[in-house]
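Just the one chain here, the form predicted on its own, laid out as structure tokens.
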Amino acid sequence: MNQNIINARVTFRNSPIHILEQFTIKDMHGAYEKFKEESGLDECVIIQTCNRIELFGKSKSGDLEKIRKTWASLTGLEEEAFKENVKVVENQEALHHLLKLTSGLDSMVLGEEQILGQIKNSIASARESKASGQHLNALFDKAIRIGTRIRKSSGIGKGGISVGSMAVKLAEENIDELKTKRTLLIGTGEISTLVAKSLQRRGYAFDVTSRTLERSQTFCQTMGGNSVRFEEIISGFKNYDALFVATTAPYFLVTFDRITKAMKDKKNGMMILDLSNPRTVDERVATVEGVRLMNLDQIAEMVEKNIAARQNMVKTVESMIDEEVLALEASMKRLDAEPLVSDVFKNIDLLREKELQKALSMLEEKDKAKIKIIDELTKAIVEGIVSTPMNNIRKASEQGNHDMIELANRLFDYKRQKQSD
């Protein structure tokens, strides 16, 4: 490619989280301005999540030292830290990495969907800041479409992969129209966070309770959900259709007697998912009519099966990416020729229109039907003459034949004309 595509990244794969966090860019809009002004990049897109900070850039020169210096000035880090933690790849390797991202192969949780949404948000933010342009806009649009297609055809994203997402998936499968039902999450720890993320991502409303109201309120501010007093919950299980219990206690919080009493007043069934270790739901609850109980061991076993199934798909997805990256690279190379091709078509059409008007004036032709026929005739003639050489220029660009592009630029006087405009 005449235009270099560069990817510089710090991710969970090569840096621990406490190191990765030091590379975080806080002012994204300001960062875009600084990268475009000081790094030598013509275009750039920043992807920033809890597991990665990545920069995709387009440049003719690709001065990596300038990119490091700009990034360092944004974070206050020494440049040495970048040499130790930042991995840089260019062109086909950068395109290949982007497809791995959109396909779910480079995520901490293999095949997870969240990264695709984060990439969409990243290119949208870059567009809004006018940091991305023709090359990166086209690259990200294509990569998102390819990644979505690979995910669908391979099935690598199917099935919940974490305990939290698997638990929510099981609730969806066992409760009709879960969105219309009431859901309760007991606990505010790590597994509760996974459950809350999964519920929120799927658009479900849910209540959250903990032993202290302050703790559940703080949790809800970050993870969503509606905080409810613990005392109200213990006697109010009848109000819920799905219970996610992920807490620690030396005794059963969800007892046989409480659920038996709750089910007497309920018309619908109830699903209880005990994600606690040790268990905090009395196993006898499973014998109550209308109740479906699943525990952490059962759910963890299903997660392990899903992980194994996804691992088996990796080679298939990698093969698909290898095929797609060649076509993606060719389409990006073709963009190098597009300004010249568009300019040639535009200038020739202006000349055609000028000569057409001159001829019509000389003929004193006023008949609109005849004028339309002559106009379409001139367009067809120009199209027939120009299309073949222009397509050959595009092909030369795809094949990386820079000599041909340079010759075409000189032949059509493209560079000189642009400088004089």
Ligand SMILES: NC(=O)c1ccc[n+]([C@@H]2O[C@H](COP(=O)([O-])OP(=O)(O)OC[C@H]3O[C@@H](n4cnc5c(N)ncnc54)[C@H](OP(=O)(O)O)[C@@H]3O)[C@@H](O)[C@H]2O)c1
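Quantities reported herein were computed from a predicted structural model and do not represent experimental measurements. Numbers follow the displayed sequence, beginning with 1. Superpose the two forms; the largest set of C-alphas matching within 1.5 Å is the rigid core.
One more form of this protein should be noted, the form predicted together with the ligand, which is absent from this view; the next part is about it.
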{"property": "Exercise: Leu350 in contact with the ligand in the model of the complex, heavy atom 4.5 Å", "result": "no"}
{"property": "Partner proximity in the model of the complex: Gln114 to the ligand, non-hydrogen atom cutoff 4.5 Å", "result": "yes"}
{"property": "Interface membership of Ala72, the ligand in the model of the complex, 4.5 Å heavy atom rule", "result": "no"}
{"property": "Touches the ligand in the model of the complex: Lys158 (any heavy atom, 4.5 Å)", "result": "no"}
{"property": "Contact assignment for the ligand in the model of the complex, among Glu190, Glu214, Asp322, Glu93, heavy atom within 4.5 Å", "result": "Glu190"}
{"property": "Of Ala300, Leu326, Ala308, Ala249, the one that lies within 4.5 Å of the ligand in the model of the complex (heavy atoms)", "result": "Ala249"}
{"property": "Options 93 to 101, 268 to 276, 176 to 184, 341 to 349; stretch whose heavy atom lies within 4.5 Å of the ligand in the model of the complex", "result": "268 to 276"}
{"property": "Contact set, 286 to 301 vs the ligand in the model of the complex - heavy atom within 4.5 angstroms", "result": "Leu296"}
{"property": "Exceeds or equals 2 Å, Cα of Val89 between this form and the one not shown, core fit", "result": "no"}
{"property": "Rigid core superposed: Ala330 CA moves 2 Å or more between this form and the one not shown", "result": "no"}
{"property": "Core-aligned C-alpha movement of Lys346 between this form and the one not shown, 2 Å or more", "result": "no"}
{"property": "Change in CA distance between Cys50 and Phe219 in the model of the complex, which is 3 Å or more, as closer or farther", "result": "farther"}
{"property": "Inter-Cα distance between Thr247 and Pro16 in the model of the complex, nearer or further [3 Å or more]", "result": "closer"}
